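The data below hold one chain only, encoded as structure tokens and taken in the form predicted alone.
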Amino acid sequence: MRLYEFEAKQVIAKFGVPLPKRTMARTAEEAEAAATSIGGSVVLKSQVLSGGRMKAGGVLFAETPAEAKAAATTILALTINGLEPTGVLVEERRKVVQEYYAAVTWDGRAKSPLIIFSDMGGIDIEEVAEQHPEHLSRTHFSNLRPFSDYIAKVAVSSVGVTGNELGALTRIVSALARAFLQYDMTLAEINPIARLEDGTIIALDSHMDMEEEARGSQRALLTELAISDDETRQARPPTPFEIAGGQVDASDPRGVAGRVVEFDGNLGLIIGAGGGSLTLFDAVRAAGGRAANYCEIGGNPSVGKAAALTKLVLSKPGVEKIAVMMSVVSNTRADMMARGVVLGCIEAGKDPAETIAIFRVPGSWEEEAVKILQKYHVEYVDRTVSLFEAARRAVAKLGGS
């Protein structure tokens, strides 16, 4: 779940990160008033959940309130990567001497949080890593112990920063790490952190992503930021198919069934349980298949819920067959899944034997699931067949590799 820049700055301000004077404006008139209040040159930035704002024309500068109004009018009418701005952030414009980059994210391989710091901010961090690796540091730390400023100091000093800059940047990176930990973030980034002519160091931009599952535990912060429950906050607006998937999931509290992401393939997927959804999705792609959707299912959804999800996937234009593949670590009842998917096919007017490319059975009550699948002549495999082999067989039925 992504935060807008103005919201991310509200978060880091709570931890003492220095920021320029700023006002969020929803209209051109509000932008003009904000520029008047700030005084002097200002920068106006489109508030969209997308990168590339500068290149798209979503960041403009103004010397007077009248120019700010005109710039805001242009920005508010500008769609960036299919997204309309929720407003314009008006900030004082400062002369920058040097830019730095700082981010805290989760390293899946190391299974720990990671600080990424560079004294070459303002550009893509991937470019720095590739062309100037000596200007970038990676510092892991524990999310089980209280965060120490020393960790941030190591991250900053590793690229050669010393003196007053080291102290100021350490405080900012420490604040960013604490925000990351306290608010269940998957990414907390400031790019750039700027050193000004007078030596002051401030954060000019900020980006944050929060764990979707943290909505409940972070209710107080979301309320403070005025983020409602119906805001998905993804990189793009949800499609009607994805909205319908959410409605399926919300229709019954039992289990998870309906967290879907839409793609343009021809193989519908009902996959997951035990954290296997991403692996299974990747297995289909590795086999040369074109997935129609990403999906999560597990936690013992009811037969009706599994059937509703199946019908939704089958209703998507272009879907020729579906693959149902459960993870071996799942405790979801395989017989309930079998009943639900078969019922969904029948209610959709489809022959389960022709519609279900493959059903990978692992779960509890497997013998009962097998009996149901045999009754309807659905091809199935058990846990002795790997996820990748099951995916290959499903894709092969559609003429894939």
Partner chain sequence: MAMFIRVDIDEALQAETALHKRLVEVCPVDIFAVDGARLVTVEKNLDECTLCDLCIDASGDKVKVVKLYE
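Residue numbers count along the first chain shown, from 1. Remember, it's a predicted structure, so these values are computed and weren't measured experimentally. Rigid core (definition): largest C-alpha set, two forms, superposition within 1.5 Å.
Only in words, not in the display: the form predicted together with the partner chain, which the text now covers.
In terms of non-hydrogen atoms within 4.5 angstroms, which of the given stretches 193-201, 143-151, 314-322, 298-306 touches the partner chain in the predicted bound form?
Contact criterion met by 298-306 only.
Of 34, 336, 44, 361, which residue is found within 4.5 angstroms of the partner chain in the predicted bound form when only non-hydrogen atoms are counted?
Selected option: 336.
In the predicted bound form, the residue from 346, 54, 66, 353 that sits within 4.5 Å of the partner chain by heavy atoms:
Looking at the other structure, the residue within range turns out to be 346.
Taking heavy atoms and a 4.5 Å cut-off, does residue 26 contact the partner chain in the predicted bound form?
No, residue 26 sits far enough from the partner chain in the predicted bound form that none of its heavy atoms falls within 4.5 Å.
Is there a non-hydrogen atom of residue 342 within 4.5 angstroms of a non-hydrogen atom of the partner chain in the predicted bound form?
Because a heavy atom of residue 342 falls inside 4.5 Å of the partner chain in the predicted bound form, the answer is yes.
Do residue 61 and the partner chain come within 4.5 Å of each other in the predicted bound form, heavy atoms counted?
Answer no; every heavy atom of residue 61 is more than 4.5 Å from the partner chain in the predicted bound form.
With a 4.5 Å heavy atom cut-off, would you call residue 49 a contact of the partner chain in the predicted bound form?
No, residue 49 stays farther than 4.5 Å from the partner chain in the predicted bound form.
Within 4.5 Å of the partner chain in the predicted bound form: residues from 362-387 (heavy atom criterion):
If the 4.5 Å heavy-atom criterion is applied to the partner chain in the predicted bound form, 362-387 yields 365, 368, 371, 372, 375, 376.
Residue 154 C-alpha shift between this form and the one not shown of 2 Å or more, rigid core reference
After core superposition, the C-alpha of residue 154 moves less than 2 Å between this form and the one not shown.
For residue 303, state whether the C-alpha moves by 2 Å or more between this form and the one not shown after rigid core superposition.
Yes, the C-alpha position differs by at least 2 Å between this form and the one not shown.
On a core-based superposition, does residue 68 travel 2 Å or more at its Cα between this form and the one not shown?
Residue 68: C-alpha displaced by less than 2 Å between this form and the one not shown.
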